[in-house]
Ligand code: ITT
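First, one chain by itself: the form predicted alone, in structure tokens.
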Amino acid sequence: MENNLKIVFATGNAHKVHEVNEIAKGSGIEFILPDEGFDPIEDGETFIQNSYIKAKDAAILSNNLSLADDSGLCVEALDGAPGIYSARYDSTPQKRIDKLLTNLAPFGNRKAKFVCAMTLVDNKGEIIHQVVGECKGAIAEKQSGTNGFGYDPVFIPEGYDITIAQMPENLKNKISHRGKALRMMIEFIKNNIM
């Protein structure tokens, strides 16, 4: 493990770092948490802008290559909401799910997609590469499953009849928006940086 290229993954969420390291297994890349004091102000208007804000903050703080993702759920009938406000849609994960299901109740169209934008920056915060991954699907009538986090218990990916929260981790990582974006990014890093 010692010879791995270490890249700061700009998040305070250790679960997310574990998830990206699972996806990156065998790539020669290891993602680590940013230094103490990482607390960027996410005031971008798009996922890609917010991912850059976080990556830049972590890179300058840790003086290291840094990768950030910004992701969220975009629901067609709600004009793309909660979108970039997915994590701030309400005060707790359960309240966010309840609010989503309530707001969606009057609509027949339950189409939705998870979007994940990633930005890789150098230790000075200059952009090296950006990618966007998507996972299309629909919002379930009610929540089910206990794996995953966020809106996973109410999101049914296209081609499946179970929610992401009912899937084993390896399947989720294969089809998820974050998995898709991260694999594109890892490919870029292997071909251009390592």
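Numbers follow the displayed sequence, beginning with 1. Nothing here was measured: the structure is a model prediction, and the numbers come from that model.
The same protein has a further form, the form predicted together with the ligand, not shown here; the description that follows concerns it.
Taken together, the three residues Lys6, Ser66 and Lys180 lack any non-hydrogen atom within 4.5 angstroms of the ligand in the predicted complex.
The chain is drawn here without the ligand; in the predicted complex, the stretch among 124-132, 24-32, 145-153, 57-65 whose residues come within 4.5 Å of it by any heavy atom is 145-153. Residue contact with the ligand in the predicted complex: Asn170 places no heavy atom within 4.5 Å of it.
Interface membership of Lys174, defined by any non-hydrogen atom within 4.5 Å of the ligand in the predicted complex, is ruled out. For Leu78, no non-hydrogen atom is located within 4.5 Å of the ligand in the predicted complex, even though that partner is not displayed. Residue contact with the ligand in the predicted complex: Leu101 places no heavy atom within 4.5 Å of it. For the stretch 60-76, the set of residues having any non-hydrogen atom within 4.5 angstroms of the ligand in the predicted complex comprises Asp69, Asp70, Ser71, Gly72, in sequence order.
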